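Below you'll find only one chain, the form predicted on its own, shown as structure tokens.
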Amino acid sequence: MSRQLIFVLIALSVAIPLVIKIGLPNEVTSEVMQVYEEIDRLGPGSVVLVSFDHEASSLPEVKPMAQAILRHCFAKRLKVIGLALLAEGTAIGEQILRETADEYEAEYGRDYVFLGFRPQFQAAILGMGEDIRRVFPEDYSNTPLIRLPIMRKVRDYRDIALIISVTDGDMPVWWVDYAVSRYHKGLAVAATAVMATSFYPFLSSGQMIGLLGGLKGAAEYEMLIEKPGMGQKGMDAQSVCHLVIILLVIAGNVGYFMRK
């Protein structure tokens, strides 16, 4: 079998599931279900803080997870406060939040707000426990928070029902150290697959409520909210591609022994 044919087969195995819905079976894990149930039990008007703690290189993984969670929040009529503790996540987070809010006709300043980026994330996390307006006196568009209806009744973590960290690194550890341990806030995490295993000890200890891990976590959450997206498509593409690779390996071995 020529290399060109192999490249074509792999390309098709990835591209076709991204265009045509296949819908391969996917089992929802308990850690993803815990995030869903925590958000689902919140009443309308409850405030959720979503922190985009990632860089641009992880966008294909973090965006489906963030979109699935935000769709659930807006469908439940929750208030969403977005921010970024890594500089590269700022513009990406604002775009994801705005696009998802538009799907549900959510009003900026009343139903959601994006605060932007602050350096020195340890100080930012601690500072928001005392007064969010000290850390973020203005939003991403330089509008004073006092002018935004959503922020008039939100002063610190006591007014926030849940913190969600969308991450590709170890930022959730700092949320645990400074928001969970000190201010006793619930924390859910949506992490890239390579980082997800690092957070299972925090799940076992109860310091994290739940965890989405990469595209699989996004696909599971999309199943729960019944909103198929890039998570399910991405998992279908991965599964089909892996199957094609396995078949190619088998075919290569059969061909080798037949030649002998």
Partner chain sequence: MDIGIIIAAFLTLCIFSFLYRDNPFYKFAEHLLVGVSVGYVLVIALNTTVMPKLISPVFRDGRFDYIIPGILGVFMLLRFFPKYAWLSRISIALIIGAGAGVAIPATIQAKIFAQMQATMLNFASVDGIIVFVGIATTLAYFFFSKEHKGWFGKTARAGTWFLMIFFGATSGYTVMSRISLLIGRMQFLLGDFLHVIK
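Nothing here was measured: the structure is a model prediction, and the numbers come from that model. Numbering follows the first chain given and starts at 1.
The discussion below concerns the form predicted together with the partner chain, not included here.
Student: Check each of 223, 196, 209, 48 and return the one that places a heavy atom within 4.5 angstroms of the partner chain in the predicted bound form.
Tutor: Checked against the cut-off, the match is 196.
Student: Specify the contacting stretch among 70-78, 105-113, 90-98, 149-157, defined as having any heavy atom within 4.5 Å of the partner chain in the predicted bound form.
Tutor: Heavy atoms within 4.5 Å of the partner chain in the predicted bound form occur in 90-98.
Student: Establish, in the predicted bound form, whether 26, 169 and 255 all lie within 4.5 Å of the partner chain, using non-hydrogen atoms for the distance.
Tutor: Verified in the predicted bound form; spot residues all out of contact, no.
Student: Taking 4.5 angstroms as the cut-off for heavy atoms, does residue 36 touch the partner chain in the predicted bound form?
Tutor: Output for residue 36 is no: heavy atoms all beyond 4.5 Å of the partner chain.
Student: Should residue 181 be classed as touching the partner chain in the predicted bound form when contacts are defined as heavy atoms within 4.5 Å?
Tutor: Contact check for residue 181: yes, within 4.5 Å of the partner chain in the predicted bound form.
Student: Does any part of residue 205 reach within 4.5 Å of the partner chain in the predicted bound form? Heavy atoms only, please.
Tutor: Flag for residue 205 set to yes.
Student: Looking at the partner-bound form in the predicted bound form, is residue 57 within 4.5 Å of the partner chain by any heavy atom?
Tutor: Residue 57: contacts the partner chain in the predicted bound form.
Student: Using a 4.5 Å cut-off on any heavy atom, which residues of 234-255 would contact the partner chain in the predicted bound form?
Tutor: Counting only heavy atoms within 4.5 Å of the partner chain in the predicted bound form, the contacting residues of 234-255 are 234, 237, 238, 241, 242, 245.
Student: Work out the direction of the Cα-Cα change for residue 245 and residue 195 in the predicted bound form: closer or farther than in this form? It's 3 angstroms or more.
Tutor: Closer together, which means the C-alphas of residue 245 and residue 195 are at least 3 Å nearer in the predicted bound form.
Student: Given that the distance between the C-alpha atoms of residue 246 and residue 193 changes by 3 Å or more in the predicted bound form, do they end up closer or farther than here?
Tutor: It is closer: the C-alpha separation of residue 246 and residue 193 falls by at least 3 Å in the predicted bound form.
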